[in-house]
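Here's a solo chain for you in structure tokens, the form predicted alone.
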């Protein structure tokens, strides 16, 4: 009986395993960590089980809700409160414009936009509505920064866009590939003749309702459902092996062959691009795709200094999340909506973002209880330099916890005493996301094509190679899930 080997137990690997096993394909899934889920994790604070990584999925397609339904969790889908997020700039804190994409406004004259950038800058941004886009036709590999600066001006870039891309994507706008960050937006700009109208057109195509959803109990409950159901999925179930680090793909294939479990005809590398290239390099000739330190993305080593990501797919410097449970009835009014994104130039605040999680999700508010609140603060900007004294991924737990205790009060504009912090925890994420520099998407696609086109002879121990995961599909479950299902479909069609 032929077998598919999946390396990596994140969302991509789990989704591919689900579809393959559902079609009665024999599947072995190996994961180096002692848990499944990748960038979706769980930790416990003050008696609460809460998400330690990703907490929601985009609703721009039905891909994730369909998978959730197959796992029997459709009744657990929840939407966030409609309060919306805020922006914290050096001189003002205000709600984020509600009709933007990555901070780019659909209405440059909007009240929220004027409040954040001023009337003069808003008038300059509105010139995008009449300025010709001809100079951009035929261009490829453009960055978010150069397009926004040209079409709407420096104020929109620095005060609206930069806090979002630095907080969400851990990237500079001038380094962020526009098509990677906002698929279809550049084409829409050329079609609509305006960046603002392009934003409005893309937003209009999105499904009605909230832009994101999650699950009651947190997104981590999706992983728990996979862990419970995969071993009995289909006629054979999935053979899940945790704590199995793969240093050599040929060695692992030999071990599986010695178990007499059937030849491995396909291998799905549901890992980051550098690891995929390293593992596949043991079987086929591929160009080097960059260093890899062997971690699973949660607590791994730091990126080498001086790596600019141009020669090969690379990861960012990493992000540290500080989660805190507060006894703070003064926050019951949700004074900063569902959270804040912080401009890099904001004095006195080291965090790049804060999520008021208990204000965002009603189920979590109820779980926290009266007067108690869960907040998550994110540290680690792309501009951080290890050893510079700037708080980030490489800082100690003690440094991050101390900074978070100060930042949470500054961001809420309310003093939070030490005794109000009931519990706190630090979680680090390193390899979950690549740098999204212009050109890197092409490098990763060439790597994926190289894997797909590599010579294969399963009978001779040379399986077909496939790649899946956020490095290849893009950020977020809404991209990773359909991509992983497409990979499984290719295998089943072979």
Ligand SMILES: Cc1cc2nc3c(=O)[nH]c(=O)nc-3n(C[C@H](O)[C@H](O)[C@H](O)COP(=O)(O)OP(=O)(O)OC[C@H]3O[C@@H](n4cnc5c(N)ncnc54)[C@H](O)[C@@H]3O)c2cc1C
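Numbering follows the first chain given and starts at 1. Nothing here was measured: the structure is a model prediction, and the numbers come from that model.
This protein has a second form, the form predicted in complex with the named molecule, left out of what is shown; the following refers to that one.
Enquirer: Answer yes if any heavy atom of residue 271 is within 4.5 Å of a heavy atom of the named molecule in the model of the complex; otherwise answer no.
Expert: Yes, residue 271 sits close enough to the named molecule in the model of the complex that at least one of its heavy atoms falls within 4.5 Å.
Enquirer: Contact with the named molecule in the model of the complex for residue 147, defined as at least one heavy atom pair within 4.5 Å: yes or no?
Expert: Outside the cut-off, so no.
Enquirer: Does the named molecule come within 4.5 Å of any heavy atom of residue 245 in the model of the complex?
Expert: Yes - in the model of the complex, heavy atoms of residue 245 and the named molecule come within 4.5 Å of each other.
Enquirer: Spell out, yes or no, whether the shortest heavy atom distance between residue 22 and the named molecule in the model of the complex is within 4.5 Å.
Expert: Looking in the model of the complex, residue contacts with the named molecule do not include residue 22, since no heavy atom lies within 4.5 Å.
Enquirer: Please tell me which of 50, 447, 63, 40 lies within 4.5 Å of the named molecule in the model of the complex, judged by heavy atoms.
Expert: Among 50, 447, 63, 40, a heavy atom within 4.5 Å of the named molecule in the model of the complex occurs only for 40.
Enquirer: Between 32, 59, 28, 443, only one gets a heavy atom within 4.5 angstroms of the named molecule in the model of the complex; which residue is that?
Expert: When the named molecule is considered in the model of the complex, the option within 4.5 Å is 32.
Enquirer: Since the chain is shown here on its own, which stretch among 465 to 473, 65 to 73, 42 to 50, 452 to 460 would lie within 4.5 Å of the named molecule in the model of the complex, judged by heavy atoms?
Expert: Going through the listed ranges, the match is 465 to 473.
Enquirer: Judged by heavy atoms and a 4.5 Å cut-off, are 4, 277 and 491 together in contact with the named molecule in the model of the complex?
Expert: The answer is no; none of 4, 277 and 491 reaches the named molecule.
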